[in-house]
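Single chain ahead, written as structure tokens, the form predicted on its own.
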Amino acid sequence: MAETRPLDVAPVPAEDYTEFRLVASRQFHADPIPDSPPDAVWRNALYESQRLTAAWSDGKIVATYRCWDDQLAVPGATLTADLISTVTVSPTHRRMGLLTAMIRPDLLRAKESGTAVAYLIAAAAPIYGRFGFGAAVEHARWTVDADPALFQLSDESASLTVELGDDRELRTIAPDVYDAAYRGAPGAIARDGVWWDGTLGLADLSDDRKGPRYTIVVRDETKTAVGYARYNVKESSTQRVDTSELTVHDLAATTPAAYARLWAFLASIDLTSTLTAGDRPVSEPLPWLLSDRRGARQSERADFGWIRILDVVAALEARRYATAGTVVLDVLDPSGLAGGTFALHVDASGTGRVAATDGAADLTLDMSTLGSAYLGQIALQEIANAGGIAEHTDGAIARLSALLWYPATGAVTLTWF
């Protein structure tokens, strides 16, 4: 155990990785499964590429924090984001400023290194607004009637071939498909080899006891993989009438035709009555594939990814825009990290140019509000309708809302991290 002072916040040495994981697992109510040798190999490979911070009290970890740099899809582009995860504080050490002691230095470090945004999934929604984060993308669980007759496929979609497979075969196919698809889905993140090995059950982890999944791959006329899905089926029936449910765990496609072919095939699998898919976009185009759009329904919906802008100029210039225009915005940031008054000008090509200015602002909003609208998936006008923005120039809110809104062109299963 590293020598520490009471309530010392410091980087986590390799010899404390197991304690770090077990402490965090307890706070998330996960089973306290001891690390097997394969667990340790896989987790060490993961942790060694990341930044782990903890707080110690009397030689024991009482708070955890994990972050790393990775690619985040933003409108029309990807950019490096500071991904934040495994944030916990023991119930015995709450309200001692431990979260602040871990997150503020990380945000400052990320900003000074040139990282424009931080990104996390909030376990508790009220926590992160005070640090400048705003809920920027939502996820939904979809329920679909397993009736292939509902699907109206184009000739292009119907011509695609479907192959059955397993997780090991998918390991050589899915990463390229996902990498192409996630870039059109703001709020989606890149997946590395360690993630794929752990998720596909190829790392022999203790929690692989859930078992493998079935997989399908869609290919075009050149035999190129353009989509895949992973699923399993929970068998059930009532008086020999089938009520089995097919659960989609991951689905990605590089073209609309492949997307439609995947869903239509899944709905055609015998002895199933319902399809469910979680962590999917709320704007899923699925209902528009059906002759009866009520055959696809959102059964759950909640916030997913939260953005904290660390550099307004770099963040707004990194993304693309669907319309042209100009607006001057006053961004309030009580932390003093990234606020100020900025002029955003978007030309006809969708390229944004941003500069700090001493001029009069058209509107005033706080950093968390700008973060919520940044990915273009939550309309700024909706936030304004709740009274969260001060407008100084008539029409400025509508103008900025139109500039920031950006339709997703990809639909992938969102990645927990």
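From a predicted model like this one, the values you see are computed outputs, not experimental measurements. Residue positions are given as counts along the sequence shown, with the first one as 1.
The same protein also exists as the form predicted in complex with a small molecule; that form is not shown, yet it is the one meant from here on.
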Looking at 133-141, 322-330, 296-304, 83-91, which stretch has residues with any non-hydrogen atom within 4.5 Å of the small molecule in the predicted bound form? 83-91
In the predicted bound form, T172 touching the small molecule (heavy atom, 4.5 Å): no
Consider G97 of the chain shown here, and say whether it contacts the small molecule in the predicted bound form, taking contact as heavy atoms within 4.5 Å. yes
With the cut-off set at 4.5 Å between non-hydrogen atoms, does Y119 touch the small molecule in the predicted bound form? no
Is Y128 one of the residues lying within 4.5 Å of the small molecule in the predicted bound form, judged by heavy atom distances? yes
Have a look at A123, A314, L337, V233 for me and say which one sits with a heavy atom within 4.5 Å of the small molecule in the predicted bound form. A123
